[in-house]
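Read the single chain below, which is given as structure tokens and is the form predicted alone.
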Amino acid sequence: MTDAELIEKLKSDLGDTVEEISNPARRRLFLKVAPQRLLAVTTRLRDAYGVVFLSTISGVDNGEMFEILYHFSTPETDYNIRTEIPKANPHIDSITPAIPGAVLYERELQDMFGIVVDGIPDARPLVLPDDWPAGNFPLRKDWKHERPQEVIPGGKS
């Protein structure tokens, strides 16, 4: 099946659950969806297209909005689902009911961006140290790193 045929099939199958489908390169598709439709689209891709391997979830702080990209791969095609949520109320539903392995990437979203993943089965911090200050999210544009004072053993005070 060509990319154009696959896009037409997706448009027919997913209907208005997808806002936009683009094809920037051969066998690489981007589907833009509203956040409340993310789980439904992910489930449909899993069931009808064999999309089960989530390679990663990435996020972008665009100022007032967070853009979240779910990167899936099959032997034939890469599927990327893109959604946006407001930074003022950063909540997104977990996709673990469809893709259980997403839990690790969703925990990373919580740690690094402060995005609340509703329905995540394990919300413990994943990548930040246990003593990391609450409310500090290192991949947000407004985060400021304050370097700790360097202490040299036996050095001058």
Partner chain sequence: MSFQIPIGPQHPALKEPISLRMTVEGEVITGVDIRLGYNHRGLEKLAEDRNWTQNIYLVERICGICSHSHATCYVQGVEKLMELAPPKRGLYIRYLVSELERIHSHLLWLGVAGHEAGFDSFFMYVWRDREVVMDLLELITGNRVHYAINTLGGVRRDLDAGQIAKIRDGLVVLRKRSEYYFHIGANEPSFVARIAGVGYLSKEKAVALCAVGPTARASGWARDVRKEDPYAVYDEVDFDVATADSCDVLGRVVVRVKELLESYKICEQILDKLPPGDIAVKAPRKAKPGEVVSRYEAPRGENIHYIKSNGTDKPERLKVRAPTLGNYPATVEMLRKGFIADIPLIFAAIDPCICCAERSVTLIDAGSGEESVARMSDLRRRAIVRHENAPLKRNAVWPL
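What you see is a predicted model, and the numbers here were worked out from it, not measured in a lab. Residue numbers count along the first chain shown, from 1.
Quick note: we don't show the form predicted together with the partner chain, though the next part is all about it.
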Any chance all of A40, D47 and Q110 sit within 4.5 Å of the partner chain in the predicted complex, going by non-hydrogen atoms?
no
Does the 4.5 Å heavy atom contact test between N62 and the partner chain in the predicted complex come out positive? yes
Check: Would A123 count as a contact of the partner chain in the predicted complex, using a 4.5 angstroms cut-off between non-hydrogen atoms?
Finding: no
**Asked** Is R26 close to the partner chain in the predicted complex, meaning a heavy atom pair under 4.5 Å apart or at it?
**Response** yes
message: Taking the partner chain as it sits in the predicted complex, is S58 in contact with it (heavy atom to heavy atom, 4.5 Å or less)?
response: yes
Within 124-146, the residues having any heavy atom within 4.5 Å of the partner chain in the predicted complex are R124, P125, L126, V127, L128, P129, D130, P138, L139, R140, K141, W143
